[in-house]
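Just one chain follows, in the form predicted on its own, and it is written as structure tokens.
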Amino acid sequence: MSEENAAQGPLPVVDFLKLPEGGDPYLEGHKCKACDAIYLGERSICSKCGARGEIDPVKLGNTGTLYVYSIVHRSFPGIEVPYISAIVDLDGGGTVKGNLIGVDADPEKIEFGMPVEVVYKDALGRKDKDGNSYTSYFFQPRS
């Protein structure tokens, strides 16, 4: 890792994960002022109601409920399996896909609708070819 890369710190693994300097990480959505639809990723036109220029960035909640999941048994080389790929409905709006951690990859131990929280961690120690490290978000059962 170059000195420049080390000085900037970890990078967000996706553009809707925000890492404010000196602040807590959070997920950012974009909310339509006309119909309250929330999207990940910036846009200028609402896909739900067609409003133009009515979409503002919003900080998404750090809690939610598990909507659906899949236990992944095959992946790219170097990716540890099994893991749980989950879709979570966030409290306050927004639906996000991510990995569920802190629970065994066993359907008997995972409940649809279970309360979860968003946690921010190192992206499993992975680095890119330039030596940059990354921060990612995960879901874990709420305690």
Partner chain sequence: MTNAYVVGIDMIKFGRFPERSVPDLGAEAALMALDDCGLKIQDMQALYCGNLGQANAMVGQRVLQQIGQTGIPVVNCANACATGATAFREAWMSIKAGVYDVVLAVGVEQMGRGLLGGSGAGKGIPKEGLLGSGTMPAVFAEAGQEHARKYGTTFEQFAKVSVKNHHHSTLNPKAMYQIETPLETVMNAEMIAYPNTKLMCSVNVDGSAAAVLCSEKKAKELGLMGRAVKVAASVLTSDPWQERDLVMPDVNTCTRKAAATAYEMAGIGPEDVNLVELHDCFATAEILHYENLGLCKDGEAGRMIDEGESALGGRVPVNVSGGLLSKGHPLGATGIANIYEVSTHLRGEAGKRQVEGASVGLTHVIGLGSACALHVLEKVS
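Numbering follows the first chain given and starts at 1. Just so you know, these numbers come straight off a predicted model, no measurement behind them.
The discussion below concerns the form predicted in complex with the partner chain, not included here.
- Of the residues given (I55, L40, V103, V118), L40 alone sits with a heavy atom within 4.5 Å of the partner chain in the model of the complex.
- The partner chain is not shown here, and in the model of the complex it never comes within 4.5 Å of any heavy atom of K59.
- Contact between K18 and the partner chain in the model of the complex is not found at the 4.5 Å heavy atom cutoff.
- At a distance threshold of 4.5 angstroms between non-hydrogen atoms, K48 is in contact with the partner chain in the model of the complex.
- Using a 4.5 angstroms threshold between heavy atoms, S70 counts as touching the partner chain in the model of the complex.
- Taking the partner chain as it sits in the model of the complex, the stretch 117-132 comes within 4.5 angstroms of it through a non-hydrogen atom at A123, L124, R126, K127, D128.
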